[in-house]
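Next up: just one chain, as structure tokens, the form predicted on its own.
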């Protein structure tokens, strides 16, 4: 397996592995509140400005039956069901509140079940317009953010000041800059880090204090910038599609003869791509960033902005092939699939679609991915 220097990324790996312990320790150390959020359209900057730790709610990719009475395993994607399972099992018992940035139907239903069966002192449904390309999306989203800010202030009993928003915006913009710098190192041949290491870094940033993440990431970049590289040359591969926080899956793909050099999913580049441009109206500045960021398929109409972005990444990172990951029953990404496959074909980028459930069937996936990589090896070498 191609792993550049595992010790460098150990802090992120430990946080991803013990994500609940990190949040509990943060809470004990600071005395602050922790909010769990569904979907990366939730404006973490506002939560951070309220001195609250935002933590993304994710599943553990293990089979479970505790959610069967609330959501059908024959309709709901395994990711959304496993998120709910984590809550029902008490693994998120340290949360003080939850918030949803309206996304896919499955996530909205899971949020509703969470609010009903795992009562907390605070919950908020944040409406995110389906058509972010609409001329009224800006006004709508600013209004939603204002209401969200007000609800946090009422709950905490403290005002969220302009100065606090400025600090949060600066911290998050810095994190996005550092993450972009890390991803730039994946353009090298061979890349300066493994795709699984990049994914660990992004996922950790969704689970921990951003200022702390920035400090660790600065050290990582400094160590990687010495020019040494232990990653071996291999087929340059892109991963895209549904939410996937299974790092073992990425490690497996790399062990089968590929270097994952770029991704497009919400536990990857789509989470941090695009900074907040300063504006006298801070909430409008934040809203503009979430409108213009690379879109999720649930927000990508009437024009398809996601496909040109993906094709641009393929050219920029010199991608040779792609693996499209679909969570079972993930309707938004299934709907997007024909256009994505057509765009890849136009660039002569061979691809394979793998559908994942919990647990992931590695043997079946390996056969398909290895066949794709072997075909490219024959053509390339």
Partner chain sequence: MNKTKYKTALLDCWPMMKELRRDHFKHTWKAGEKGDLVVMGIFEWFLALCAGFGDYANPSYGPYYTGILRDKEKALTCFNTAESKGFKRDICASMRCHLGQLYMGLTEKSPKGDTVKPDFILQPAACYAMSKTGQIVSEELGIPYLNLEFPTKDSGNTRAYLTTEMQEAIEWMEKKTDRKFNDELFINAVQNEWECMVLWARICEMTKTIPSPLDYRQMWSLRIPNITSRHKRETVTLYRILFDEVKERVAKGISATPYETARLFHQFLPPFYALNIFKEPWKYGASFIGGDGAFTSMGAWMIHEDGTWEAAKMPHERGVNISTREAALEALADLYLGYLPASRCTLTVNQKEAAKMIHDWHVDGVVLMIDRGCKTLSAGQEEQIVELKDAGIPTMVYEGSHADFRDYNEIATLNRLDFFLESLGLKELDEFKEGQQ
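All of these numbers come straight from a predicted model, not from anything done at the bench. Residue numbers count along the first chain shown, from 1.
Note that the form predicted in complex with its partner chain isn't included here; everything after this is about it.
Checklist entry - Using a 4.5 Å cut on heavy atoms, which of 275, 109, 212, 166 is close to its partner chain in the predicted bound form? => result Partner contact (heavy atom, 4.5 Å) among the options: 109.
Next on the checklist: Looking at 154, 162, 136, 255 here, can you tell me which has any non-hydrogen atom within 4.5 angstroms of its partner chain in the predicted bound form?
Outcome noted: The option sitting close enough to the partner is 136.
Item to check | Listed range touching its partner chain, judged in the predicted bound form by heavy atoms within 4.5 Å, from 204-212, 291-299, 240-248, 259-267 | outcome: Selected range: 291-299.
Next on the checklist: Counting heavy atoms only and using a 4.5 Å cut-off, do 26, 32 and 47 all touch its partner chain in the predicted bound form?
Outcome noted: Not one of the three qualifies.
Item to check | Close approach of residue 334 to its partner chain in the predicted bound form, 4.5 Å, heavy atom | outcome: Residue-level check for residue 334: yes, a contact with its partner chain.
Next on the checklist: Can you tell me if residue 303 lies within 4.5 angstroms of its partner chain in the predicted bound form, counting non-hydrogen atoms only?
Outcome noted: Residue-level check for residue 303: yes, a contact with its partner chain.
Next on the checklist: Test of understanding: in the predicted bound form, would residue 329 fall inside 4.5 Å of its partner chain by heavy atoms?
Outcome noted: Taking the distances in the predicted bound form, the answer for residue 329 is yes, it comes within 4.5 Å of its partner chain.
Checklist entry - Do residue 143 and its partner chain come within 4.5 Å of each other in the predicted bound form, heavy atoms counted? => result Contact with its partner chain, yes.
Item to check | Sequence-ordered residues of 337-368 touching its partner chain in the predicted bound form, heavy atom within 4.5 Å | outcome: In sequence order, 337, 338, 355 come within 4.5 Å of the partner.
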